[in-house]
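Consider the single chain below, provided in structure tokens and representing the form predicted on its own.
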């Protein structure tokens, strides 16, 4: 049996759909942080069959967790302090996401203005519809499936 040690301060992303840990790793830009990261892929889960888990040893406020909610709002976040779980955060669809997806409209100002944030607003929570803040183009993609 695989044994990955506990962390003193940080968080654990749990209930990640099997095979999605690397997507989340890159989208959260964990490779750019100076912290310890452990990924467990295809772990057995009674709830999901198989799942991925990411353990990150750094303060949770260093990350934009809206990205995780956009990818999969069913992921749970366990906040760890002094080696103990102090909070369990349930995610939902974020109201706004920045620089995760790009507007495909060639006439959108984000296509012309370099350095302008790509901002999408949740316009229909029931159907998980996001639209560009600038041109209102509907995002036609998968939430990082």
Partner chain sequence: MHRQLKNLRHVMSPLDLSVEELDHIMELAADMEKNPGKYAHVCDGMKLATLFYEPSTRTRLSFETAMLNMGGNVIGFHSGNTSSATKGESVADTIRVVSCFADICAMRHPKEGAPMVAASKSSIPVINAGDGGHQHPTQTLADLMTIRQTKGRLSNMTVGICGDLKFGRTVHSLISALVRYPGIRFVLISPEELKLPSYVKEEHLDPNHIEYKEVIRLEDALPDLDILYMTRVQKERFFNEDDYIRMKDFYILNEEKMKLAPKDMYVLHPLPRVNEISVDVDDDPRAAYFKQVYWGMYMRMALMFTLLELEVK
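Rigid core (definition): largest C-alpha set, two forms, superposition within 1.5 Å. Positions refer to the first chain, counted from 1. Since we're looking at a predicted model, the values are computed, not measured.
Unshown form predicted together with the partner chain; subsequent notes refer to it.
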> Of 111 to 119, 26 to 34, 87 to 95, 45 to 53, which is the one stretch near the partner chain in the predicted complex, taking non-hydrogen atoms within 4.5 angstroms as near?
Replying inline: 111 to 119
> At the 4.5 Å heavy atom threshold, is residue 135 in contact with the partner chain in the predicted complex?
Replying inline: yes
> With a 4.5 Å heavy atom cut-off, would you call residue 17 a contact of the partner chain in the predicted complex?
Replying inline: no
>> in the predicted complex, is there a heavy atom of the partner chain that lies within 4.5 Å of any heavy atom of residue 82, even though the partner is absent here?
In response: no
>> When the contact criterion is heavy atoms within 4.5 Å, does residue 105 count as touching the partner chain in the predicted complex?
In response: yes
> Rigid core fitted, then: does residue 41 show a CA shift of 2 angstroms or greater between this form and the one not shown?
Replying inline: no
> Once the two forms are fit on the core, has residue 86 moved its CA by at least 2 Å between this form and the one not shown?
Replying inline: no
